[in-house]
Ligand code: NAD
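Below, in structure tokens: the form predicted alone, a single chain.
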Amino acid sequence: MSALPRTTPVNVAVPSPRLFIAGAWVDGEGSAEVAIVDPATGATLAKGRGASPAQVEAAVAAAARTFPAWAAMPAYERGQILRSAAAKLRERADEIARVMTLEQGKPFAEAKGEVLSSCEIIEWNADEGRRLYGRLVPSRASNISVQVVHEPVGPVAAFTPWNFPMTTPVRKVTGSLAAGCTCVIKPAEETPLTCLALAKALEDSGLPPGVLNVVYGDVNAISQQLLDSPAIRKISFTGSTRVGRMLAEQAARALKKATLELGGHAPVVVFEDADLENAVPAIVALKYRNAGQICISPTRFIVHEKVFAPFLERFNAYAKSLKVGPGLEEKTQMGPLANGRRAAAITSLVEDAVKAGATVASGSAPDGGNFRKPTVLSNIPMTARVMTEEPFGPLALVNAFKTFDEAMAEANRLPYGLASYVFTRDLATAQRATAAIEAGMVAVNSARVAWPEAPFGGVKDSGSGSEGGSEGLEGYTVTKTVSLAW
């Protein structure tokens, strides 16, 4: 990593990473070192060791041991613990957000917003646990009752990435706990501190020891150990399609349930009647949120030729106006990329696209270290790698289309199908587009597809299963038919 011309002016205490196993906070005993590195400065802020195989086994054993009692606890009581944890996270939001910014890089305002929105997810799951209704099936006989009930599947192994270190663990941890499951979570080694703050809030709210366990360290070894354990009955993974495929194959061999939220390359279809004045600010804000490191980030802008020029002009103006800097600086609107790997990948994709014939509308130049400017490319040939590879960074791709069918063909061209966006003032066009687009989530005249009360998930190579909504909790259950005669 090159030296960075940035400093972090705010003095924030960064705790050393520890593990949370069977209700105890312990130092890791594994061979892998875990370092908390500030993406804005390259400084190592804290170090610790990852979990040893014995510690991972202890975490699984704790989850298995506590599962019967947790599953038997009334949903109302489980919900009270979760609601209390949400309240504590709100009280600690500033402190947690500062640490999140230092370990992940996103601006403080975004980090705090992530903590607060995660509290809404916790509260939804807390209440949804009380709504895991079964049903009564009309019987063929007067002396038989046929019931369908949902029961918790068992101990869960959750795997989360670094880009949303609070939201993604919250979805998996509190979804599984609300359904009556216990959980072993492996957060990203780059950003474990935020997940540990979630565990601390749950502990302080009375979560029984062993119901939640947090381990990390040697990625491959820990993941394999969790997948191989017969005690683990469900996995939930958020990450790349490549890794998701491998985990799904291994889970299938052991007949474990799996929820997979994988990659995306979200299309944005802008029809000629779109309200650009409102559409552009909303979509730019989402595009460059978290420096574009979001699985639902809009990337391929498919714009009708009649509004292509004004759309591009407005988009460029907003992109150029964004203030890039360290996340703890007050005026920062976009922070650094999370690590050198992402920064190098964006530079490589831009260079390849330009070589293929794309036009640089704005940005593109490295901005020092892990910083990259909000970048807009236009008229990108299909031969450019970025038209196929998910950029996962502050890179927008703007091309024109002529007909509805042409736009839909481009929107569905890739094997991904997570989020998509449509802008039009015509209801018929909106209905046709939402029916034609192959994606798990579609937003019309809006840049928001994620809601605590709605399912979040993709189709095709973007995964299977959902988090959020009633579907999210049902993913942590098994269905039982009860036929009762008298």
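Heads up: residue numbers just count along the shown sequence, starting at 1. Every value quoted in this text rests on a predicted model; they were computed, and no experiment measured them.
This protein has a second form, the form predicted together with the ligand, left out of what is shown; the following refers to that one.
Considering the ligand in the predicted complex, the lone stretch of 76 to 84, 317 to 325, 245 to 253, 122 to 130 in range is 245 to 253 [heavy atom distance within 4.5 Å]. Proximity of K257, E438 and S466 to the ligand in the predicted complex is absent: no residue of the three has a non-hydrogen atom within 4.5 angstroms.
Comment: the ligand is not present in this chain, but in the predicted complex one of Q225, T238, S378, S297 has a heavy atom within 4.5 Å of it, namely T238. The contact with the ligand in the predicted complex, taken as any heavy atom within 4.5 Å, belongs to W162 out of F401, Y288, F371, W162. Heavy atoms of E189 reach within 4.5 Å of the ligand in the predicted complex, making it an interface residue. Contact annotation for R233: none of its heavy atoms lies within 4.5 Å of the ligand in the predicted complex. Although the partner is absent here, K306 lies well away from the ligand in the predicted complex, with no heavy atom inside 4.5 Å. By the criterion of a heavy atom within 4.5 Å, N143 is excluded from the residues contacting the ligand in the predicted complex. Contacts between stretch 338 to 353 and the ligand, counted in the predicted complex as any heavy atom lying within 4.5 Å, involve R341, R342, listed in sequence order.
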